[in-house]
Each structure stands twice: as structure tokens, then as C-alpha cells.
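As C-alpha cells, the next two blocks hold two forms of the same chain, structure 1 and structure 2.
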Structure 1
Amino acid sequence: MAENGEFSFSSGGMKKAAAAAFSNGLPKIQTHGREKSENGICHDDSGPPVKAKTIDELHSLQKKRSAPTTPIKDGAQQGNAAFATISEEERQKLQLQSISDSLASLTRETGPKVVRGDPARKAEATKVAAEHHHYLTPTISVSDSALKFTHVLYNLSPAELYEQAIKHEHGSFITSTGALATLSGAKTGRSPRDKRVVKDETTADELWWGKGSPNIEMDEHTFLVNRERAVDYLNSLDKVFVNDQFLNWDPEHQIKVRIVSARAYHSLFMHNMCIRPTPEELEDFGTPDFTIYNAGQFPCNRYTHYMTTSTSIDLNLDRKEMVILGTQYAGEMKKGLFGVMHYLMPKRNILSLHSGSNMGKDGDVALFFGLSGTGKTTLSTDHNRLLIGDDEHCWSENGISNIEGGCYAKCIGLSKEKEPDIWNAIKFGTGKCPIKLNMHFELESFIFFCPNVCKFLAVLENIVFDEHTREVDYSDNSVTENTRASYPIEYIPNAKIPCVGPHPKNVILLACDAFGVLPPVSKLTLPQTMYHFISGYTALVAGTEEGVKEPQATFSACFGAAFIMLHPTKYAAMLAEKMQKHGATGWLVNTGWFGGRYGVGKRIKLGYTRKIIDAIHSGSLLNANYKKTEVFGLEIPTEIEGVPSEILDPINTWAEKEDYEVTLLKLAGLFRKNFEVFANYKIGQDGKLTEEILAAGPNF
């Protein structure tokens, strides 16, 4: 095989030559006679020559154009006459027109010149655009921004976004499992106090305003000022990312969303979090129902009315738009859209829920309500059950549907042993594909998962990793306590895809009680469920820093006051009606402390909480023996398989019984005070339920 001069261990001739060379010190480079043949010039003819005459030509060969998307379907057959005569070129032009409209300045009344493709390959992209007339020329040129191209990176694949992030975004790294590590900048959590909602004739009456409400008003004009600021910023960039995706797995109530952003990280995050359209669905996407302008790297102008910081998240329900300035925390986009669903869905008599959801093999569905960090994601991701979703759902006449296409897990202290499914989802790789192929073979029918379009990429926000091995240290909170992983639901092996399920059997309210006085589990009556749902209690400690002695009680109506748009009693009435109609049981589960408050007691082991949840799912806890607690009047079981009985009544676990009583009364007082504002509201049609709910609070 040494025929063309290649080195080979098996060649005796070479061995000899090498030995000879070594005997004179350094090895001599061997050349063979044959290479010197023509005109004494050496030829490196080890392989066939490349089919390119220049480096540029060579590079142009590297990427082939994607296979054309589905051929234009027969309109009549599809029942979609409008699309019947449209050519591929025409369709692409309409798509670009739609993006240009999205990015339009409202004062210059025209969209920017948009062109598809990566500006880094400018010549290529512009040439393609020119050939196909895919860019749009504004009719009135009144600013420099109308003279330049805004490159649109439209619904890029995870691999493309990966590359964009690594190449162009400071702080982007590949971790040992291939997940993308990124930084969200100065903001590592949401900024609820910087959220503004346009108050106009309609929303003034419809929305919840005033004390306790998350909706801080802004006028239409100020919204437009911020919108213009965001759009001008985005148009000034070389390129913007555009995601066209869906929300809600219930096809009857699906919403089309467009996210325009400046960072690959943001585009990838939303690729994971929203429902991903198939190529066919994308073809017919048309005009979005809602658009986000994420100009998070650019601050708002503090001279602008209503601005109190340089961060502003502005919602305009009439224009169906949201503007983000001055925060790059990606959760702002997903939770912003959740707020929109909290407005749109109740209009259709659908209840939007800040809850996780999973389903047993027999079709029993459970909901997990809870504030941030109380365990929705952790407990709904259960290896023995099918995951419907970890955070945002709808409850309609059809049952439960997930709003999102992915999960967003807290990852501080994440361990492979305790949370294997989440751990394994933090990667670059393939997942269960949502496209099912039904094959019938003789008498049997098989389901194959389509092998295409199922390469995904998890994003890790603000985590710390070893600079050499790139192993993530999930215990490190140097950047923030709120480290996060976003991954597509297809990464969870037992995800229920499509993410829908029947009416729930169990409604679990999670509270992380850092006072350590709430029982690990209690069975609730319907009025109690409503009382605790409206209260939305959790108590967390600021961080893991020492010096934090007093737990902070948080009451967040409907376990999501930051996202609800209507008065909490509207959602509560819908929940009561649905739970009654479908016979669901309410439970209160404390995933927080026992044996004393934070600093004295301990957090209940995740393993115990899982046993409690198992007993709820199996139905065994429904028929257990119960006793009633003082003050809160909660029914607590005396025994649960796999859980030490003494921890079921928290008083047993406190060394100082008096201290327990004082703390219990203190918490009861906080509940009572918080509920005062709801005392004057009627819940549902039935005045009796309202009274029962008021009576379901603590008695002392």
C-alpha cells in the first residue's frame, strides 16, 4: 500500500528506510521516485482533485441548499383555494413582506428592506436575494435604515442557532453534553415591576388594575414610543432572528406567535419553549396572532413616561404586541406570552393555569400548581408517568393541553440520581419526534417516530462550568441562584406527545413553606382548594446565603399573580366549576421545611415528596385515615407508604412546641391579612361557595 508514498506500519521497506534515517539522528523525509516524474515538479495527487477552482468556490460546495419544502399542494384538495395558485417564489415574498411589516416603523410607515440569510455570507445572501427578488424595497426612503438590508434569520435550526451563538455571542460555550451555555446579562430573573400593560377603553374594563394586580398601566402613545425604540434598534442590526411558532397543543385554540429577537440565544430558547411548526405548517403560517419585539440588550429611555428603570416589558393587547427593552432574561418572553394566554383563553371559557401536568398509564391526569421553585417541573417530570407539560396549561371542554413545546427547569443543585430525566435532557441530540407515522402491516399497526427534524439543543442559562472539561457544576451559584435549563419536551422520554390529556383527577397545590408549619400533604375540600388557590402561598428564602433568618411569605393569587390579567376570582370561579364538574380532588403539598423554620429545620426530601405524590396518583391517599389540624383545619393522613409517619404532622417534628404554635399563628395571620382584599368578591354564580371559601381559611 506504500504505492503512492503513504506511511504504513506493515511496509517492510518503509521500516528499513526509517531505521536508516534514524541511525543518522533525525528521520529523513522520504520522497519516492514516482512523485518526481513530470518536469521535476512534485504532485500531491493522493486523491482525486476537488471540484473547485478557488477557495470561495470550494466553500460554496460545502453547504447544499435545503431540500425544497413540501411542494405546493393542490388547493382544491386541501380546501385552501387561496394557496392554490401561489408559486414558491410568491410565497417566500409574502413571508418576507409579513416580516417587513412586523419590523415597520410606525412613523415612517414602511417596513425595512429585509432579506433572508446570514449577513456573514453577504455576497451569497444578497446575490440570492437579487436573483429571486426576495427583498422588499420600501416605497418612501426617509432614513438611512431604509437603505440598508436587515438580514432575517428565519426559523433557524438548532444547529444553525448553535453556530450563531458560538460565533457571535460573548459568553456562549459548548458544555460537555453539547448543551449551549449562555449568560442572560445583568438580569437573571424576571422583572415584574417593570411590566406595563396598555390601558385603553377595552382593557380599562376587562383587566384587573390596582392594588395587588400585576398590570401596571401605560398609555398607548408611550407603548408606541417604546415599540419604535425596539424596532429601530432591531433594524439597526445586521441581522435579526425571527421565530414563527405556535402556542397551545389544542388545535382548536392554537395561537400563532412571532418572536423577533437580536440574539441566537433568544431564538433558540423560544424554539425550545414554543410549539415548533412542521415545514407544511410554516408554509401556511400567514400573519401572526401575536408578536414579541425583544430588544433586550437595548435599554428603555428613562425620560419616557412611566419608565422607572432601564428595563421595560410592555404589553399591548389591542395591537397584539409585546416590547422588551433592557432585559435579556429569556423567561420574560415565555412568561409574557403566558400573560397573553391568561387574557385570550378565558374569553373562550378556557382556564389558563400556572401548573405542570402529567398523566398515568390509565389516563389519570394531575395538575401541579405552584409559584417559582416550588416543584412544578421537578414533580411533573416523573419517570412513571407521561409528561404533558411542566409549567403552562389550558383546561377546556376538551381536557388539558400544554401551551408550550418545552420545559424550563431550575437547575441549582440538579443531580443525575434525583432528577435523571431533566439531567439527561441537557444536551445536543435527538429527541422523540412529534411526527408519528402510522404503519399498518397485516393485522398489526405500528407507530414509528419520524427520524427527521428531531435534532434539538438545550440552553443552559447562567450556569458555571469547568473551563477545560466543560462539565457543569450545578451546585455553583456564582452567577445566580436562578440557573436554568430550557429543553424541548421531546427530550423527556415519556413525554405525552401531542401534549394533551383528559380532565384532571387531582389538583395539587404546591407550597414551599419555609416556616415549616404546613403539613407535607393535606386533602382539601373544594372551598379549601379555592381558598388556597386564591391565596397562592409560598415562602422562600432569598438565597442560600447565611444571615437570612426570616422566611419571606409570598402570596401570589392563582399561584401566578405575575401572569394573570383578570381578577383572580374569575380564574378561581372557573377552576371551581371545572373541578366540581369533573370530580377532581384538591391537595396541598408542602415541598418546603419541617422540624422548624428555615435555618432550624430541613427541607423535606424530594424522595418523600415523590412518595406522597405517588400515593395521590394511585388513589390510595384518597381513602387513607385522616385527622384535622388546628388553625388551618387541614385533613392530614396518618400514614403513607415510604414516608415516616411522624413527619406527616409537623408539630411532631418541632423540638420547641411553643415555637411551633407561635410560628403557625404568625403564618395564619399572614394568610388572613392577605385574603382581606378578596373578601368582597363573589366567586361564581353561587353565593354559598363564596361564603364557604371565606370560612375555609385559618380559624384562630
Structure 2
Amino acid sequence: MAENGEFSFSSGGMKKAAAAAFSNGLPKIQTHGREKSENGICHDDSGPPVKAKTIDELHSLQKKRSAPTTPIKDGAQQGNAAFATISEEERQKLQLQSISDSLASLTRETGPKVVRGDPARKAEATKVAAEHHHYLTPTISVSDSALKFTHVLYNLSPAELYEQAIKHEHGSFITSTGALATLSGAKTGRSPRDKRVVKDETTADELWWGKGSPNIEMDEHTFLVNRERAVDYLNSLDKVFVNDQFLNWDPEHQIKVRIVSARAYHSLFMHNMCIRPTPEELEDFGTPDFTIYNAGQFPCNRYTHYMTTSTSIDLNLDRKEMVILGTQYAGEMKKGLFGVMHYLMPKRNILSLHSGSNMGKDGDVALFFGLSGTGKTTLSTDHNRLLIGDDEHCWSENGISNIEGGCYAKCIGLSKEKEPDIWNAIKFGTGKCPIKLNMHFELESFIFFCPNVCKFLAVLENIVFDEHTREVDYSDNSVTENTRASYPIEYIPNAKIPCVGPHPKNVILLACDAFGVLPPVSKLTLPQTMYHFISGYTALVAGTEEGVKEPQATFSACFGAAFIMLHPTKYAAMLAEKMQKHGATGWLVNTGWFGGRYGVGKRIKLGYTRKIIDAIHSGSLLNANYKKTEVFGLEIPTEIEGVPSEILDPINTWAEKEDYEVTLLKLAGLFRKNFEVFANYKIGQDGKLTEEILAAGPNF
């Protein structure tokens, strides 16, 4: 990447001198301790280690004693056309060959012998293997590993995965609603400092490196060492789970992914989170565009180059592979694929977005950006509107499309009253599969379903439940604060299936301002939208993290710095272009405090925020009267139906006006300091937009 921020997606590589530097290898990182530098990485859902000291202690945290006590017993498109004409026998052979190739060691001539079926069903497996199943035998034997089969459990149904987890995975239980409760082990959140990306001649120029970037470099040789370790571990098992699925509901830009994992829990999680192929699509799946090797139960070798802990999440964009070692937290797979989309989609001039999205009855689409605790999920889930998705989207020439096939919601403090849709989605149930229509995004009058009734199953991660009733206590954080639920989007009653929509009409940036100085809502100019999009501001309040005694500003570029691959200004330039082309309006909505900072003022009522969002959706807020604030220069409405007018200008709600001015300037200074790292990057061909964005920041 050039210092002026210009981006090149060509495959030409770097200059010879730079290439020579790479041939000598990257600087060696010491392996006897963790890196000290914070590197400005957004933690997001990462967290402290679990309280348990042993596996048994961890499992004991999961269940709580009930009263009275009831005794519980321990327990590539090439070749796809050929699929349509070959026999079922040949098709199965090709499918197994593809899986064998995915599991191949790089130091042996062929992949392992693979066979369909569950090794636990010995009698049945022996009979079926003799009559119907096919396996691949290596031409040479280099170790005892060549003498065994690796049983492949391929695209199992939720019910089958449920059964596998309950039977074979310690810590898996059935809750009172039928959802699967399971544990992710010692890691209950992402490990951003253990995530690495191969830096080669292409990615050195294309990706965002350095201060504030989530991308920590590694070389290809180290990646291959870790890949070999993961593949050897997976091949040593009696069985592995393989999911072939899709990303992106837009059929024109869909990505094929393969996930190879050792746990039924991981396979079920990805069944929920990715887009589920129909039987016909599965037959013609062919070679995946990207593959994940999840060997999270096995650690990386800390004596390996660049390793600083026993955990490593490694991404190789050239090989189109991801390797997971030393962590069983399922969110690493979800967010790893999101990072891949952040790299692949801009190459097609498609903007990848960490946002929620919904659509009104008239086809008006809104995007919701926001960090944890800002209300992104709550506000994008609206009973009066169709939900396109709650977290990850693409904005292409066709419109908006959800990347995922499911939702991954935080559960701590969950209640039926506050989040009825999420509450009701945590179940084992049935639903009708959507037909993925091969079409552009005209507005549909109906939601289309295929006639096949399919089973779905929610996964509860690291929650605590009553050992007798199996009722979940969502307020209990004994295992972790980061409790999660994974469920298919079909479980949301007003989900729009297919998960696509027209070009957005409104772009809503959510901030939870614990300083109490940002207005409840502001209409933004295009440069202001870009400024606040790149800033990605919210605030931590006392008690949310250890050592936080007063409000602290936190910034995450593009409202998702932990997942983006390119420099934030690249995504901002694409957002500006699309908003300008399609006439979208930008809004800054504060869901935080007024009348004083956290501990002094009050938090804005959710009912008021919903009235504000309703006014944005209806278009009535565009026609309101506005006035401009000092310092941030924000346009704020003087009146909104259902919202007290005095809170629309935050200075009106502060008893001590002088304290308001001091706090306002403090926050403005934090914004300015955070933006310094972006000031030297040119956005657009002439850099004019960069100047306009800088001018749109605080002026004092």
C-alpha cells in the first residue's frame, strides 16, 4: 500500500528490491512470551480467560444445583458441469476425492483415506462400506497414518449433529427449550493478538498493516507448518465433520466455503451461520473457494516461528485457507470468514459492511452500524420491518445482501420482554427452507419457501443452566460474560427470505456516548458520515472492563476494525461513492447518556430512540427544522414527534453548562487524536474528499 493511501488490486507484486527483502524472511518474533505492544487492535468480544483451572471445574460452572436436588448421572466451478451427467457412484467418488484433497498433507503424495459414515456404528458401517461406500487409498505408505480411515461426517443434519454432540462431547446438554448447550473451552472470546495473516508480495501492498490494524504478519512457511499440524491432528481422529456451504445471499457473488472440524458443535454452529445449500446445490458444489481447518482442540507448537502462545488463527489469502489451533471458540470461524469477505468483495467493487439491515414495506432499506452495546441488534430488529440481517452485509450493484444464514447474539441478561425474537429463536424446531432465487433484487410481494420442511437447532455457548429443569439462567456469568446463541435467520419471524434488498435509503451510525454530549440524533453531510464511519466511536462505562472507573472513548474504524483487511479509508471511499450514487442519507444516533456523563446523567430511553428511528424510516425527519451545534457542527432537529424537545440539544439537559463545555471539548479532542492516523491517506483520485472529511471533524 502506498503511503498516500492509494490501493492496487493488481497481481503484479512489489518491486524487485521489496521482493528480495521478503525472500530473506520476515523479522523473527521471540517465542518466549506474549507481544507487549497493544498494536491498537479492537478487542470486541475477546475477554479474560475462564475462571476454571481444570476441565472438570469448567464443566461444573455450566450447571447449577437446583432445589430440590435431583440425581443426575454423569455421563472451483471447473468440473461442476460433470456432476450433472455422471452416475451417483462416480459423483460420490469425486466428492470424497475433493474432501481427501482438502485434508492432504503437503509432504505426502495423496490425501488420507476417507470414507463416509460414523465409526461408532461399526456393524452398519462395515456393511455399508462394503456395499456402497468408496474410499481413496494412497499410492505410498509413509507412516502408520496411512493404515487407517478418516471417517467423514459430511453436511450432517442438525438432528444428527445434535446426537453426535450429546453422545461424544463432554459439556453438551439439552436445555429446556431443546437448544444445545455447549462449552468452547478455555477461550470464550476471540483471540485477536493470536490472529495472523500471511504477508507476501501481494498482501504487503493490498492489506492494512501497522498501527491500529488487526493484521499481524506471518510468512507462508510458518503458515504451512501450522497447516500441517492441523491436518495431521484432524487425520489422526476417527472422524471429522465437513460442511460445504455458501456465503452471501446474492447468487451472483456467492462464495463457496468448506469447514473441516473435529467437533459436532463447530459443525452445527457453521450450519447455522452460513447459507445452507439445497441437495441439488450440494451435488454440484465442486471445489470450495475457501477452506477452514479447525483443529482448535490441539495447540500450535510455541517453538514455531512467530508463535507467542499456544493459540494461533492463521489466514492465507493466496492459498484461500484458514487454520485454527489452540482455541475452540466458534466465533473465530464466523469472523475469520468475515475478514475473507472484507478482502474478496472490494476486488469486485462490492462494499463489505459490519452492520445490521432491515427493510420497510415500501422497500426502503436502512443500514445500522454500531459497536457492542450501542443497540445495533435491537434497533435493526423491528416488528414493523423485515430483517435482512443483524451483523454482516454486502452492498453491490444489485443492492444489499446478507453474508450469513444465521445470527450470533449475545445472551448475557437476555429476557423475553426485552428481546422476544432472540428469546424465541433459542430452540430446536422446524422451518421451511427458502428458495434462493437467481435474480436481481426486485421487490417481492411474497416470501418464497420451498415445500421441504427442515430441522434447525439453536446452539447456546457457555451459558449456565439448572441441572434439573435445564432452564437457562441468562444473568449468570459464571463461565463468561460473553455468552452467545447461534440460530438460523429463519427463526426470526419477520426475516426477509431471501436475505436481500434494494439500495439503502438511510445509513445510521449508532454511538453510545457515555460522556453525554452528543445529540440523540443528527443529520450528517456526506463528509461527516465518512468522518464518523472511519472513527467508529462509542464509549465504555465503569464496570464493563476491569480498571474502567469513568467513561472511556473507544474507536473502531468502520465500526469493525477487528475484521477489516484493507485500510479503513478504502471502505469509506466505497461507502461515499455508493451513498452519493443512490441518494442515501447519513445519521448519527446517540443511544447513550444526556444531562451529564455516565453516573450523573440518564441514559436515553429506548422508546425515544425507537421514535427517532421511526422518523428516519418514514422520511419525516428529513423535513424537520434543524440547527447546528458547536464544536462538532452537527445538524440537530428542533422537534420530533414523541420525543421531548429539550433532550434533542444536549446542552439543555446539563445543569452545569460549564461542565458540559469542558466535557464536549474533551470528547472532541479524543476524536481528533484518534483521526490523526488516517489524516495522511488520500481518498479518491484527487484527494478532495480527504480534505472535506477532515473539515467535517470537530472544530475548536
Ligand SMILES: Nc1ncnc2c1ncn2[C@@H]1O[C@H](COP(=O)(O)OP(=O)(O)O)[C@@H](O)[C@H]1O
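Numbers follow structure 1, counted from its first residue as 1. Rigid core (definition): largest C-alpha set, two forms, superposition within 1.5 Å. Computed from a prediction, not measured in an experiment: that's the story for all the values here.
*Asks:* Of these two copies of the chain, point out the form predicted on its own.
*Replies:* Structure 2 is the matching one, since it is the form predicted on its own.
*Asks:* After superposing the rigid core, is the C-alpha displacement of residue 607 2 Å or more between the two structures?
*Replies:* Where the cores coincide, residue 607 still shows a C-alpha shift between the two structures that is 2 Å or more.
*Asks:* So, superposing on the core, is the move of residue 259 at the CA at least 2 angstroms between the two structures?
*Replies:* The answer is no; the displacement is under 2 Å.
*Asks:* With both forms fit on the core, has residue 624 moved 2 Å or more by CA between the two structures?
*Replies:* True for residue 624: a C-alpha shift of 2 Å or more.
*Asks:* Residue 595: how far does its C-alpha move between the two structures, core aligned, in angstrom?
*Replies:* Between its two positions, the C-alpha of residue 595 lies 4.9 Å apart after core fitting.
*Asks:* So with the rigid core superposed, the C-alpha of residue 665 shifts by how many Å between the two structures?
*Replies:* Here the C-alpha difference is 3.1 Å.
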